[in-house]
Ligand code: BTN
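One chain follows as structure tokens, the form predicted alone.
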């Protein structure tokens, strides 16, 4: 399709003028067809600069998400990755699971400019407005499977942190288990879902959903005090998506916790903080039976350590230490 070919040419040669004749000759079309396609792209929002005898080029600040823009920004070793971009979708994680029902997918990246039903952990919604964020899901078949999907989430958090630190001057932090913070506000959430082999208990295919607030300034009232964005203007969303994706593939292909857990631990912002959490009830019942693993109670304590296995060591107000492997924690005075 000529439109896709021209987008690819403009992305590959960003800032470099390409003549209408060059494009017409390369794709065996008329110059008029090129001119019409360029105008269609401009109407779609592409920031294409053109002038008499100067050719066409894509402005550096152009920030439309496209399959071509992502693929161009990926390292050569990752360019065979299937990439699919949606303008609007309910949820990239939902679409990933729909596709996995009908196709045997090893790895595939889905990205949306806007989500109408973005999802976070524990059934929460994820605010996903158009033109300002990154909403992406990576489908990945885990070689040999993985027993603890939480470690996949932690690897994903490191992938996002690495991308932000490489492309910006921002120093992000990680709130156990899966949120990325800048200062005291959340800029990114991660939702990992898995297809598990019931016989082995191993996660064979995973869907890692990542939502990053990139340019949004004004959030709904209920999010104003808890959410923020990267607020970067000199790096495109395509570039950030490509860098995060490359990091994910690199970490998942090797999948050695020792290669990412030190970064995960060092970037965590929870150690030494007072948090609210839930712990398993372990006490004898009236009939002498032991209640364990089925009931939970709320507790408050101070985080002592993020452990190598991804668990959280918390000491409650009575000095009793708990190891937390799942769930979430609440930070702050009202924890």
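Residue numbers count along the first chain shown, from 1. Keep in mind that what you see is a predicted model, and the values were worked out from it rather than measured.
This next part talks about the form predicted together with biotin (BTN), which is not shown.
In the model of the complex, at least one heavy atom of residue 191 sits within 4.5 Å of biotin (BTN). Contact check for residue 264: no non-hydrogen atom falls within 4.5 Å of biotin (BTN) in the model of the complex. Contact check for residue 120: a non-hydrogen atom falls within 4.5 Å of biotin (BTN) in the model of the complex.
For residue 213, no non-hydrogen atom is located within 4.5 Å of biotin (BTN) in the model of the complex, even though that partner is not displayed. Of the candidate stretches 181 to 189, 168 to 176, 220 to 228, 253 to 261, only 181 to 189 has residues with heavy atoms within 4.5 Å of biotin (BTN) in the model of the complex.
Taking a 4.5 Å heavy atom cutoff to biotin (BTN) in the model of the complex, the contact residue among 139, 152, 136, 240 is 136.
Of the residues 113, 245, 236, 93, just one reaches biotin (BTN) in the model of the complex with a heavy atom at 4.5 Å or closer; this is 93.
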